[in-house]
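The chain that follows stands alone, in the form predicted on its own, written as structure tokens.
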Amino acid sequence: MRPRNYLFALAAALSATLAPVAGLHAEEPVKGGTATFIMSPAPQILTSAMTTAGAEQVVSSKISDSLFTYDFNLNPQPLLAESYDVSEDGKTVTFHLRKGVKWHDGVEFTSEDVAYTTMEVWKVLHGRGRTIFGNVEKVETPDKYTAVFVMSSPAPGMLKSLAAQQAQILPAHIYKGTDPTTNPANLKPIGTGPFKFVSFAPGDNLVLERNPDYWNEGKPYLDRLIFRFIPDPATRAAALESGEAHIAPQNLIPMADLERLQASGDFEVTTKGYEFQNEMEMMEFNLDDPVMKDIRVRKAIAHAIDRNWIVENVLFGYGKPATTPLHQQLVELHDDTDVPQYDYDPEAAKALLDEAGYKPDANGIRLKLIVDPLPYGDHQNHIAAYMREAMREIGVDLEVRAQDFAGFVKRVYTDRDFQFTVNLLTGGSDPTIGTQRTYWTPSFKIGVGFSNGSHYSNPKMDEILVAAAAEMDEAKRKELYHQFQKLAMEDLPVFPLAAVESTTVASTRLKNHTIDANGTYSNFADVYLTPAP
């Protein structure tokens, strides 16, 4: 086995060469104070171990640490794991855990917690974890501080996916022997992180306080961290400007307000801290629906949409038109060479609908469809509103259906009562993390949110994805993912719209909010608040 301690030293050296980023300061941190964090929508539970929902990921990462965090170059940085080893064949990964870490109830954190969460939660209940940890056959625990992942085949992407928002560890002594999805600790969490749970008013606020027994001595600096869940975008911006809140991530502040806020000198806007996310706006077609299962209809809808218009007018330039399912930031794998494209062409869309048998009636209407935009932030709603107008041009009467977050998840992933969505999915730092789930047959499981929502199944695609996930040779892996991108755009179960460049808006008083690739998804142990002028 080759020790990975050297990676941490290398990562530290690389980090030292990075240019300063928003929120990173060299002055002596100020201890104490309360920082207020804006989120929307509100989380349904307070652990991300069994969900990929964004709000859950942001809030729970402050309560429970993960094995690693990642610097801006996506090199792992030690948290609950101090180092790891990988066998020469890539089938055994050994994590050496930090000693002396306590759960918030005083029980020691051990390898049993890692083993339980991996085998009983990530592999079973997590929308992306079912893919990421699919090759893990068992987790051996030779002692309290060693967790050995025994793999059926190598999984190079797994080591890029062990941050808290992606792979949060649960306390085995609280969850073992229970149904994890209904455990009371989901709403009153017990973690290992820098902040402890105080109270949760669903839909309104979450209050966390400093963990005085945190393993990283002297941290966190803040006494208290409050999350306010504000559904209205104008109210979110007003909360920042009034000083009632200090930070808003994930494009929660309207793009039209960004220039004005930054020009005031009281706020900073950064697109850093999302390197681990690589979010994609996309349309998911329900292939179980009798209309959507016709690829001619799917291609017609694709041709009716102007992706450049979406980037310019909805994202205000914070993104790029998507040309494949992979985010352009994955420069080593993104490749749209000879990949089918569906340029904006209403006439081509009409011809495809004619071919599919959908002729216009006396009123020019060919068919009626329903779109369900994800109610997370505002972009999906704005995109759906644009689509309603764009579809009218090709003779499609499109209804935009509004619902709350829980209603959307239930409709799409449990009831399967939809035609197509406008969704926002995290691709992650490797395709196995967030992209494979959307196209891989085993990812389809009723009730598992943000998985294979289309119910797409193609044995050839499954073969490509399984081979790519285990391939250790970089050139061969790149070629496999090129085949994936080509087949995905040929079959078109999903139409990628835009590779998003997310923004965080923060008061200049809030320091160290974006110091690594996890950004606002990090544990905030280093964050501090300077006094008001």
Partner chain sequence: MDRQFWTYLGRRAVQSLIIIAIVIVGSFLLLHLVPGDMVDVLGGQRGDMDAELMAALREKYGLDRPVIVQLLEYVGNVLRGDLGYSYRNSNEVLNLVLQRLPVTILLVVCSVITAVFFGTMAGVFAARHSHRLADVVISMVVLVFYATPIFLTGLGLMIVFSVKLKLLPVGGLMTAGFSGSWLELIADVATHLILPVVSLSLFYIAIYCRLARASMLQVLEQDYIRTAYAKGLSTYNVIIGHALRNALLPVVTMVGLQIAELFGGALLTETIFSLPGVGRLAYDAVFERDYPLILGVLIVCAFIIILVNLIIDILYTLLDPRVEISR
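Numbering follows the first chain given and starts at 1. What you see is a predicted model; the values in this text were computed from it and never measured. Rigid core: the largest C-alpha set superposing within 1.5 Å between the two forms.
Just so it is clear, the following notes concern the form predicted together with its partner chain, a form of the same protein that is not shown.
Exercise. If you check 340, 156, 346, 407 against its partner chain in the predicted bound form, which one has a heavy atom within 4.5 Å?
Worked result: Checked against the cut-off, the match is 407.
For this session: Identify, from the list 224, 320, 102, 173, the residue with a heavy atom within 4.5 Å of its partner chain in the predicted bound form.
Result: It is 224.
For this session: Give a yes/no on whether residue 450 approaches its partner chain to within 4.5 Å in the predicted bound form, heavy atoms considered.
Result: Answer yes; at least one heavy atom of residue 450 falls within 4.5 Å of its partner chain in the predicted bound form.
Exercise. Using 4.5 Å between non-hydrogen atoms, is residue 400 touching its partner chain in the predicted bound form?
Worked result: Flag for residue 400 set to no.
Exercise. If you check in the predicted bound form, is residue 129 within 4.5 Å of its partner chain, heavy atoms only?
Worked result: Residue 129: yes, in contact with its partner chain in the predicted bound form.
Problem set entry | 4.5 Å heavy atom contact, residue 241 and its partner chain in the predicted bound form | Although its partner chain is absent here, residue 241 would touch it in the predicted bound form, with heavy atoms inside 4.5 Å.
For this session: With its partner chain left out here, work out from 250-258, 179-187, 89-97, 158-166 which stretch has heavy atoms within 4.5 Å of it in the predicted bound form.
Result: Residues of 179-187 come within 4.5 Å of the partner.
For this session: Would you confirm whether the three residues 124, 232 and 445 all fall within 4.5 Å of its partner chain in the predicted bound form, going by non-hydrogen atoms?
Result: Every listed residue reaches its partner chain in the predicted bound form, so yes.
Exercise. In the predicted bound form, which residues of 200-214 put a heavy atom within 4.5 Å of its partner chain?
Worked result: In sequence order, 202, 203, 204, 205, 207 come within 4.5 Å of the partner.
Problem set entry | Core superposition between the shown form and the other one, C-alpha change of residue 415 at least 2 Å | For residue 415, whose C-alpha is compared between the shown form and the other one after core superposition, the shift is 2 Å or more.
Exercise. If we fit on the core, is the Cα of residue 103 displaced 2 Å or more between the shown form and the other one?
Worked result: It does not reach a 2 Å shift.
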